[in-house]
Each structure stands twice: as structure tokens, then as C-alpha cells.
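Next up: a single chain in C-alpha cells, the form predicted alone.
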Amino acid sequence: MGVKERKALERKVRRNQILDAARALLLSVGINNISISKISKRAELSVGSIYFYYRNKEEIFIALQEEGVALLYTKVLHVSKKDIGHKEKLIQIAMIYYRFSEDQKDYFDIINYFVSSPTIFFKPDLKTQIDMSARKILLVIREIILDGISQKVFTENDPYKFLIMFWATLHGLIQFKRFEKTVLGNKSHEQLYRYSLKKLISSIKYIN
């Protein structure tokens, strides 16, 4: 390994140390209780090292959120390019989101934390950056819906409103996971999720 490659690897390792520390702190103490000094202590790096890679803690939070979104986006995009029906694409994407909430819980919690966060946490331009990074996933789903309408697989007068309802419903249903042993009466949360998904998609399925 040459000097250039070694330095690049070292930078990557340092960035990962910082993000790992910030991720752990964010999920344990909340955004208002995090400081650069706490991140540096957790990462076992100097404060100066943190500032070498990020100008402030907001940049670190954005990096975490975009990291999670990128992972989810890659999975969603892969499904959108499959040679399968439009309905099946929506089902698979919905299940990817469900699995993501379980298998990548840290990232899911971070995305959930920032997407639903009040603007007061960030300056308007930073809040917009966070929101737009998540929006690209919705754009992939929108194309599936629009193409399904053009192919007369779906029928919908307002595709954008359905898109928002579709994603908001999935997101809301996932939050019910915590009530599986109480409100849901020990009934399978995944079965409820699949049932609701089927009902949701059937509302726009084209009928000859």
C-alpha cells in the first residue's frame, strides 16, 4: 500500500470513529446533549481531530443521516430496476423498509429522528439538505407509481398524494412494532404490516 492509499484509509478510519461515536451518543443521550468534546471523548480522538473532518456537530449529524439514507436508497433502487410487476415492486420496497427498521435499527432511528425533527435543531439550509436526501427514495417510488399508471396497472388521479400516503402509512405502521405485546394483543406486527400494505396497494390497483 502506497503513502496516498494509506492516508486515505486512515482518513476513512477516523471518519468512521467519529460517526460511530456520534451515532452512539445521539441514540443514547439525544441531540441536545451532544457536544464535539463528548464526541471526541467517545471516539478517543482529540477535539482538533474532529474539527479537521467536520466543521461542527451538525455536519456530523447530516453525515450520519445521509449514510443511512444512502444504504436504504441503494436497496430501493435495486428493486425498482428488477424485471417484476409494479405491484410487486411496491411490496418489495415496503418490506425492505420493514427489514431496514429491524436489521439497521440504528440507521432507521437516526433517519426517523432527523426527518421528524423540528427545524429548530438545524439552520433552514441544513434542514433542507436533510429532507432532500430522504426525498430521493420517494422519487424512485413515484416513478414506479407513474409507470404503473401509464401501463394501466394502477389508477390514481393524484399520484403524488398517494405516494405521500403510501410512505407515511408504512412509516406509521412500523412505529406500532413497540405495541406488539400490548395494544396489538400479541398479534404479529409483520402480519398487520403486510395486511395493511395489501389493502393500500389494492386501493390503486387497476381493475379491468
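In case it trips you up, residue 1 is the first one in the sequence shown, and so on. Every value quoted in this text rests on a predicted model; they were computed, and no experiment measured them. By rigid core we mean the largest C-alpha set that fits within 1.5 Å across both forms.
Omitted from view is the form predicted together with the DNA, to which the following refers.
- Exactly one of the stretches 167-175, 141-149, 50-58, 154-162 approaches the DNA in the predicted complex with heavy atoms within 4.5 Å, and it is 50-58.
- Taking the partner from elsewhere, T182 is found to have every heavy atom lying beyond 4.5 Å of the DNA in the predicted complex.
- L26 falls outside the set of residues with a heavy atom inside 4.5 Å of the DNA in the predicted complex.
- Using a 4.5 angstroms threshold between heavy atoms, A63 stays clear of the DNA in the predicted complex.
- Remark: A70 does not count among the residues lining the DNA in the predicted complex, judged by a heavy atom distance of 4.5 Å or less.
- Contact check at 4.5 Å (heavy atoms) against the DNA in the predicted complex: none of M95, I130 and K136 pass.
- Contacts with the DNA in the predicted complex, taken as any heavy atom within 4.5 Å, map within 6-26 to K7, R14.
- With the core held fixed, the Cα of R194 is displaced between this form and the one not shown by less than 2 Å.
- Here A43 counts as shifted, since its C-alpha moves by at least 2 Å between this form and the one not shown after the core is aligned.
- Taking 2 Å as the criterion, R55 counts as shifted between this form and the one not shown: its C-alpha moves by at least this amount when the rigid core is aligned.
- Annotation: K177/I34 CA-CA distance shorter in the predicted complex than in the displayed model, change of at least 3 Å.
- Relative to the shown form, the CA atoms of S35 and D106 are brought 3 Å or more closer together in the predicted complex.
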